[in-house]
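A single chain, nothing else alongside it, follows as structure tokens in the form predicted alone.
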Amino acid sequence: MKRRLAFFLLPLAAAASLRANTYEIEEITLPTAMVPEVSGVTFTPDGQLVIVNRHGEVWLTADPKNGPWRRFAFGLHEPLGVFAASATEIFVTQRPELTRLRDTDGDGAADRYETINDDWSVTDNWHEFTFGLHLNKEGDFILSTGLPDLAGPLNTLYPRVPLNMEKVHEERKPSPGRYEGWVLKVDRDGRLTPIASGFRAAAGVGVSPDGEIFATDQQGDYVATSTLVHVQPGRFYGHPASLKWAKDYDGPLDLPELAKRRTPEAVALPHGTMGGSPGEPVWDTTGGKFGPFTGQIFVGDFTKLISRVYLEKVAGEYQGACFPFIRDAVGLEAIQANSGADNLTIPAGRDGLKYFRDVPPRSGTPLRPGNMRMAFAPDGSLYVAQTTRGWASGDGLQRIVWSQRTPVEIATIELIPDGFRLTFTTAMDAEKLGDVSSYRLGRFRYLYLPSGSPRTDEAEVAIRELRVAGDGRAVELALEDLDPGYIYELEVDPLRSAAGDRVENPLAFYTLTRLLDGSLFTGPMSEPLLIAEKKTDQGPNPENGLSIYRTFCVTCHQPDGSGGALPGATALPGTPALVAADFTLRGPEAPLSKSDEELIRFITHGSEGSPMPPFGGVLKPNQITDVLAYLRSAFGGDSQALSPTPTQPE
């Protein structure tokens, strides 16, 4: 899909940056004795702030700005979720168990550590987690488990329960232990009930004000882009590894059978633009204290991004739209300023490529990365707990406060019989609202494949009619093409409010799983429908490959190509460290001594048991050959250059 970006003018963005922020970010000073990798945040019923850190501590304070703080508990195993029944009774999800911490003697610290349930299984793998923690409407605890990563060691010799390494399909991330890759329920009597399977890394679990369960999942094998899922009992959400722990599992399954069983996400979070690793979804129940988004969902992300989600129920199922809410600088200049040190923490552009139009810079405190846990405070502010697990610096706790100025935003996108209705937070300029050139609309799909999928079946969508509301607060877009099974991408950069202010986040995506009459996509889930337009092939482009290398490769392989240990991964005694390839090596065993065919296969599919992930689900074939051309030209010495790229669908 060809995109014309002529109206994205830098002077306009620069002028917009001079206005005051509608939301301010504040730093919360943590106690000096605390390791600031904050991995969970909540509030007690009487309003005390409770946080946990990845190093296993629980801290409380009644006054987050001034303190004092007190350490309530310590010695926990990488807790990533917390629920406070009171200031003396706190529940925590550790890796291996759900734990109740109680202060029974009134000294302000827990003296009782009680296992509520540990009926799921974990291993010693470096990248395996248990997430949560919330209550459903019946008062049961809701948590989730992730899958391990075979780029690091997994000890199968001494598990606490028998492991099963059988594959359901072709999964790279296994589910060796019981209920890994599930959303789970634990009742108040400590009984565990598995709810739903098919999760790769459901790092965020949330419960809506109506008591419905939602979870985010993270992009990778079988999960083409990160998602927000409405979790319903007995359903399967895409990643096959965990299916073998279901009671009705009937042996290895092929891809068509998996696709038939799979329930689609409520909202897709397009990889790159809407981050890459979403965390906990939280609902705005502040009654307007946080601005004009009451009832909507906010989702943090490992990158310097917090997004916003509007859900609606269509034909009995949830679907809806996602929008950026707050993000840090994201363009190529920001990438280069970081010298590749923390590229994974910078929100990316279209297709995950970060060299695109930057957002106007914010004044004041910038948003940090690692925004995996959030909670609304009694005063209506949003607390953001940040941990990066060694992938970047800047862990801590921040607070987002509404300035009481109404932000100019698309408040909601709703499906109508012939298109979408956009409602804004304020009255808009009527002339621009009724001008079809103010809207840029396209659509695309992701395929359901073991290696993931870049965008496919991309096409522009024509608007045949605009219907503007009399108050200037809404507009209906009647479309030439409205079909289920697509993600509709909308840009409204030229729009202005009636007062002349630009839309702060002029980008949105609507996941159109079903039409109002319940119609669903009936085409192939794992094959494109459109044949890509053939291009005159000029051969691989090393300059484009450099941009891709800076975006995806430099974090592990380093700007000079020398490789090194992966961030956040520590070698265990007697096991090899997770080390990225060194492209500066020479000789027959050097990485670049391999043939183009071998290296393209390695980049596309990764390598099981190594730290190299598959990029075939993120990069298109010509982008893979471009980055290989850059590697050859920059680090390859006298290695053979690539031949022209074969023409193939993108």
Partner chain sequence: MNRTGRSLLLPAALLVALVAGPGLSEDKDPPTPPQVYRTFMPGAGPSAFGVVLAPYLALCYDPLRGGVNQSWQGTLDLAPTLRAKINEPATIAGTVFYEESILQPLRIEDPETVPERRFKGYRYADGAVIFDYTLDGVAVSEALRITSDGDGVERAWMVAEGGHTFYFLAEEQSDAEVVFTGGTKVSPGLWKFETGTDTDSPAPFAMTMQAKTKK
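Numbering follows the first chain given and starts at 1. Since the model is a prediction, treat every value here as computed from it, not as a measurement.
Keep in mind that the form predicted in complex with the partner chain is not shown, yet the notes after this line are about it.
Contact with the partner chain in the predicted bound form, judged by any heavy atom within 4.5 Å, is made by just one of R405, K137, H77, R188: H77. For the options R421, R71, R514, K432, the one in contact with the partner chain in the predicted bound form, meaning a heavy atom within 4.5 Å, is R71. Of the candidate stretches 586-594, 611-619, 41-49, 28-36, only 28-36 has residues with heavy atoms within 4.5 Å of the partner chain in the predicted bound form.
A residue is said to contact a partner when one of its heavy atoms sits within 4.5 Å of a partner heavy atom; N544 fails this definition for the partner chain in the predicted bound form, lying far away.
Contact check for T123: a non-hydrogen atom falls within 4.5 Å of the partner chain in the predicted bound form. None of the heavy atoms of I531 is located within 4.5 Å of the partner chain in the predicted bound form.
Contact check for H605: no non-hydrogen atom falls within 4.5 Å of the partner chain in the predicted bound form. Shown here without the partner chain, the chain has Q94, R95, P96, E97 in 89-106 lying with a heavy atom within 4.5 Å of that partner in the predicted bound form.
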